[in-house]
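One chain follows as C-alpha cells, the form predicted on its own.
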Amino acid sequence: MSLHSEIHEQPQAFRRLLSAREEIQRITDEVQRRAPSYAFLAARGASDNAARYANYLWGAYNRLPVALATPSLFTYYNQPPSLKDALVVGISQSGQSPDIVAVLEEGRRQGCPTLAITNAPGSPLARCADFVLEILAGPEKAVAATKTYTAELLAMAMFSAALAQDGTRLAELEHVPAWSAQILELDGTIRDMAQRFRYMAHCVAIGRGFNYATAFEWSLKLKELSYIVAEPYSSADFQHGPIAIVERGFPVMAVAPGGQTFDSVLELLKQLRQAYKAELVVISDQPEALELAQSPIEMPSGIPEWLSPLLAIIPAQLFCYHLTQARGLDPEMPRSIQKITETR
C-alpha cells in the first residue's frame, strides 16, 4: 500500500462510510435530543483543516455555531473555558493525540455530549467520547493523510444532512463516490502538469467559503511532501496585504468551484493573471476560471458547493504526490514527520 494507492482508494472509502448512514442517523438523533447550542471542535493537522469545513457546513446548514478549540488551554495552562451547552467534538484519524483527548475529557467533566470522529474506534479519543463516528477509511499506512481526511469531511457532511433531516442533501451524498472516481481519471494529466512546478520553492493556496479548508489542506500537503513554503489564504484575506508578494510567474494554487463565493474568487484570479502575471493552477468546474489558468484541472459538473471540498482536494492530493516525485523526493517517507503525532 502506498500514498498513491490510498489516494485511489477514496471512492471505496466513501462507499463504506455511506453504508453506515443508519448509525450516523442514530448519533444525530441522540445529539438532537441533547439540543446543543454550538459545537466546540478540537483537532490537529489535516483534521484541523477538516474542522474548518465543519465551521462553514454546520453553520450554514444546521445553524450551529462552531468554535475551534485551543487545546493548550486544556493541557499546559489547565484553564479550560466553560463549555456550557456545547457539543464537544474531537477529530483525529488516529485518536491518539493527548491534547485532543484532553478536550473531550473536559467536555464530559462539564456534562457536555462528546463526539469522536476517528478512524480508530478503539483509540483513547474514542474511549472518552459518548458517541463515536467511525470514518471507515480502512488502514492508512502513508504518512500523509489522504483518504482519512476526505472520510472525515464525508462524515461531517453526513452528520449535517442527517441532523437537518435533509432528504435532498442525503441524496446528493450518494453521488460522491462516482464523482471522486471521475476525478481520479485525471491522474496522468496531473502527473504531467506537476512537472512544470518541480523547481517551485514557494506559493500560495487560495480558497473561500467551504473551500477555505481545501486551501489549508493543499498547502499542508505541499509542505509535508514537497517541502515547499506554501501559505493558505481566503481570497478575501489575500487582498488585505499578502497580494504584495505576487510578481510575474509567482505560483498560485486556487480552488474555485461554482457557488456563492465563485464570483469573488474569479475576480481575484483575473487580477492575478492579467495584472500581476501570476502562474495559476486552478481546480474548478467553471470555464471562466479554468480559462485563466496556465494549469487548469477540471472538476465534474453538477457537484453542489457544500460537497465540493470532498472532491476538490483529490486532484490537489495527486498534484502534490506527482510534484514530490518530480522533485526527486520520496512521498512515502517525508522527512521529520511520523504517521501519528502525539501533541500535548
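Position 1 is the first residue in the sequence shown; the rest follow in order. Only a predicted model underlies this, so the values are computations on that prediction, with no experimental measurement involved.
Omitted here: the form predicted in complex with another copy of the chain. The next part is about that form.
J.: Would residue 179 show up as a contact with another copy of the chain in the predicted complex if we use heavy atoms at 4.5 Å?
T.: No, no contact at 4.5 Å.
J.: Looking at the partner-bound form in the predicted complex, is residue 319 within 4.5 Å of another copy of the chain by any heavy atom?
T.: Output for residue 319 is no: heavy atoms all beyond 4.5 Å of another copy of the chain.
J.: Indicate whether residue 159 is a 4.5 Å heavy atom neighbour of another copy of the chain in the predicted complex.
T.: It does not: once another copy of the chain is placed as it appears in the predicted complex, residue 159 has no heavy atom within 4.5 Å of it.
J.: Please determine whether residue 296 contacts another copy of the chain in the predicted complex, using a 4.5 Å cut-off between heavy atoms.
T.: Residue 296 lies outside the contact set for another copy of the chain.
J.: Establish, in the predicted complex, whether 26, 131 and 189 all lie within 4.5 Å of another copy of the chain, using non-hydrogen atoms for the distance.
T.: Per the other structure, none of 26, 131 and 189 touch another copy of the chain.
J.: Just one of 189-197, 247-255, 151-159, 113-121 has residues with a heavy atom within 4.5 Å of another copy of the chain in the predicted complex, so point it out.
T.: In the other structure, the partner sits against 247-255.
J.: Can you tell me which bits of 211-239 touch another copy of the chain in the predicted complex, meaning any heavy atom within 4.5 Å?
T.: The stretch 211-239, when checked against another copy of the chain in the predicted complex, contributes 220, 223, 224, 227, 228, 229, 230, 231, 232, 233, 234, 236, 237, 239 at the 4.5 Å heavy-atom cut-off.
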